[in-house]
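One chain comes next, on its own, written out as structure tokens in the form predicted on its own.
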Amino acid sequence: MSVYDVAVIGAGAAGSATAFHLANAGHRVSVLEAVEGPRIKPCGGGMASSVQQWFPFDLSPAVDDVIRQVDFSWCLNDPVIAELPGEAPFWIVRRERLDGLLLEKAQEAGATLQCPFLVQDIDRDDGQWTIRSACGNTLKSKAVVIADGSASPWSGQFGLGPRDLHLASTLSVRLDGLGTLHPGVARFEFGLVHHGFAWAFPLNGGINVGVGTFIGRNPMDAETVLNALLPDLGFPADAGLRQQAALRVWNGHSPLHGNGMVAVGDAASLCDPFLAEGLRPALMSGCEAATCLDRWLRNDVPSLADYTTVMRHRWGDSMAWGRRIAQVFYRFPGVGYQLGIKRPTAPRRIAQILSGEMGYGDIAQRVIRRLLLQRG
């Protein structure tokens, strides 16, 4: 039976980033992926260019477009056009390409890939984890990284992440061709989506379109939204490859570590509850988890508690304010659009939040007060 320092469950962005940094630090790492072959992932694919600083290799092969302008609309009208400041503040990637690049670099650094490996059971005994697959394969490891996304059964089982999940309902569409969208321009549509918004991000020869609702428990009527949005983008209402998902979003400070175990990315419920940004926290958590695991495996620290502490400071504190903004904005979206999106300073603030230059805490109290006073 093979014994590893770390078993990473899931070969997505968060898992592969963790695997790369751990393998690059000299640890024996095995990545366990349930699904064979590359999968098209028609998610938004928006990613701050600032994530490049966390990797010693070039991420540009995964980048399809650089956003320089954002077009906002309310029910396909009342447009706001915003030029984004800075040098390349926001990238659009194809997830299958980004995930593949990160996994390739992890393997080049020495990580192994076991695929298909659908994890069926995880047990800890005598300071080691035993992981069994659905087809009977078994391995042992000193540590486990839970990185199998929003549908993960393991983070909840081991008490990682929030006890009460907050699930955003999303429908993503991958389209061939740009339609009426232009390269370098992202589109955000408010008003059509109850308690949420729709987005359209340009790719090299295509578009990622998404619809998401972020508060409330009523089912989302995404097809009605797409019936209006897709023709406005220059496509038939039934066009594109579609994928529905229940996305875990941040829902309070919670432990992200256990005894020899951490959760990263969507499995840790790190997605931004207001703008649905998931790639930056996925990569951030993978890098921070690898740093803490490296120190723990070398016996420099007695536990992995530093990982939870660092992620709370770097991400969770801002998301606590982001959740409060979302709860007000999506309940009163018309007011939010007028007092938030249409304010002259709003585009720059959104760009600064997406780039990591600013957190929600820097603007939250003013935004919430403005929305509530106007609503009252």
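Because the structure is predicted, anything quoted here is derived from the model rather than measured. Start at 1 and count along the sequence shown; that's the residue number.
The following text describes the form predicted together with a small molecule, which does not appear among the structures shown.
Engineer: Give a yes or no on whether each residue among 32, 201 and 279 has a heavy atom within 4.5 Å of the small molecule in the predicted bound form.
Structural biologist: Yes: 32, 201 and 279 each sit within 4.5 Å of the small molecule in the predicted bound form.
Engineer: Select, from the options 224 to 232, 74 to 82, 291 to 299, 118 to 126, the stretch whose residues sit within 4.5 angstroms of the small molecule in the predicted bound form by heavy atom distance.
Structural biologist: Single hit among the candidates: 118 to 126.
Engineer: Is residue 287 a contact residue for the small molecule in the predicted bound form, using a 4.5 Å heavy atom cut-off?
Structural biologist: No, residue 287 stays farther than 4.5 Å from the small molecule in the predicted bound form.
Engineer: I'd like to know if residue 271 sits close to the small molecule in the predicted bound form, meaning any non-hydrogen atom pair within 4.5 angstroms.
Structural biologist: Because a heavy atom of residue 271 falls inside 4.5 Å of the small molecule in the predicted bound form, the answer is yes.
Engineer: Just checking whether residue 172 would be counted as a contact of the small molecule in the predicted bound form - the rule being heavy atoms within 4.5 angstroms.
Structural biologist: Result yes; residue 172 sits at the interface with the small molecule in the predicted bound form.
Engineer: Is residue 262 a contact residue for the small molecule in the predicted bound form, using a 4.5 Å heavy atom cut-off?
Structural biologist: So residue 262 does not count as contacting the small molecule.
Engineer: Pick from 160, 139, 192, 247: which residue has any heavy atom within 4.5 angstroms of the small molecule in the predicted bound form?
Structural biologist: Selected option: 247.
Engineer: So which of 179, 196, 89, 149 reaches within 4.5 angstroms of the small molecule in the predicted bound form, heavy atom to heavy atom?
Structural biologist: Contact with the small molecule in the predicted bound form is made by 149 alone.
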